[in-house]
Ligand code: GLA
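Next comes just one chain, in structure tokens: the form predicted alone.
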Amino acid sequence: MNKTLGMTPPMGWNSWNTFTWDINEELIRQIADTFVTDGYKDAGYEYIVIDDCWSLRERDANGNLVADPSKFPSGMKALADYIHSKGLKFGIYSCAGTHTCAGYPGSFEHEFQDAKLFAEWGVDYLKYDYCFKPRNVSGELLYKRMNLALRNCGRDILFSACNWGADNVYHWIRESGAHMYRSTGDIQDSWESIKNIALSQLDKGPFTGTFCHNDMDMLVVGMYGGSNSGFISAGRRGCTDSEYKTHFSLWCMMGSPLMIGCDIRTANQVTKDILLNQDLIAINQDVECRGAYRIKPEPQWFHSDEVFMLVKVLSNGDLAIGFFNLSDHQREIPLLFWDMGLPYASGAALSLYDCWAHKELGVFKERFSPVVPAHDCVVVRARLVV
């Protein structure tokens, strides 16, 4: 048994945001190759997850799920073996209901059978959705059921619950055994979607931590409206590079799993610089996995929840501090160190390191007040100095 499975937020890639139903084994192999050649594996990304639409529409005569032979002619075991040969891990998708969201067979009343099959294939990660659940069956019970099946299938499989924040999930999901859980509706490749998801989770810091991470949905960094789904692409507008940078910073600061959704085979350098930012990844992967707390700027200057600071306590005594301006106008965002527990009378100061510029900013006493453009952010790592 891997006793550290799911300890920190999982990192990887998922097929849905860009490709939805248009998936095949050659695509997945190419993604695995790119993980290695372009530095994603070295940066900590390890899971390659196939989302919905991978199976046939019906189970076989023995009730087993069957990979679509037109999409995966070599079968899932061979694909898993290829991914494992790259030093990576293989993820797959199912659903707590009778059918998946796209109408393929779900795992309802097949939980133990499917978990055994996934283990035989070499699956390392299961995304478990919430469509077509029988109306009078407890969703909480269904996630506990699949957890029990996975933990007794003979293989370590990370359990990614995906019930979109429904059914008061925050108050029972850790006890269910899931390693991560979706707390929001589906993300879109738009600034409004990113902003709304982040704002909806600002008070959920207490509901994330080691072995059970609040999943704010997959990343849309670098998609630029490139999904084959009109819903996800949101009219093919996409986001600016600054908005993608802010998106990644929020997910890292708030402890969300980092599941890439763009086509990394064609990612530009800006996208790579965002997704491979080791300073931000280190904050996300801090071993204590503490939720971030919010500090609002002085009310006489700001009357909006769209401008705020997030502070994340790190295991070595540092603080990660994010200054977020989700508004449509440039803002100066003042932080009083007193609000983080550091009074001027202590004689201590903070040495600040800019996690995007990758440089030391100097030592500050009492206050730090960056000017942040609209839809942008500043993220610093603060070290106490006396």
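Residue positions are given as counts along the sequence shown, with the first one as 1. Remember, it's a predicted structure, so these values are computed and weren't measured experimentally.
Same protein, other form: the form predicted together with the ligand, not shown, and the subject of what follows.
Exercise for the section: Heavy atoms, 4.5 Å, the ligand in the model of the complex: which of 328-336, 45-53, 61-69, 354-362 makes the cut? Say which one. Expected result: After filtering at 4.5 Å, what remains is 45-53.
Handout entry: the ligand in the model of the complex: contacted by all of K89, L126 and F159, heavy atom 4.5 Å
Key = No, because K89, L126 and F159 lack any heavy atom that approaches the ligand to within 4.5 Å in the model of the complex.
Problem - Contact label in the model of the complex: R182 to the ligand, heavy atom within 4.5 Å - result: R182 belongs to the contact set for the ligand.
Exercise for the section: Would you check, heavy atoms only and a 4.5 Å threshold, whether E140 touches the ligand in the model of the complex? Expected result: Heavy-atom contact with the ligand at 4.5 Å: absent for E140.
Problem - Proximity of A102 to the ligand in the model of the complex, heavy atoms at 4.5 Å - result: Heavy-atom contact with the ligand at 4.5 Å: present for A102.
Handout entry: Residue contact check: F248 to the ligand in the model of the complex, 4.5 Å heavy atom
Key = F248: no, not in contact with the ligand in the model of the complex.
Practice task
Counting non-hydrogen atoms within 4.5 angstroms of the ligand in the model of the complex, say which of F112, W172, W164, F132 makes the cut.
Solution key: None of the others qualify; the residue that does is W164.
Exercise for the section: Answer with one of D186, E120, D241, D305: the residue that has a non-hydrogen atom within 4.5 Å of the ligand in the model of the complex. Expected result: Partner contact (heavy atom, 4.5 Å) among the options: D186.
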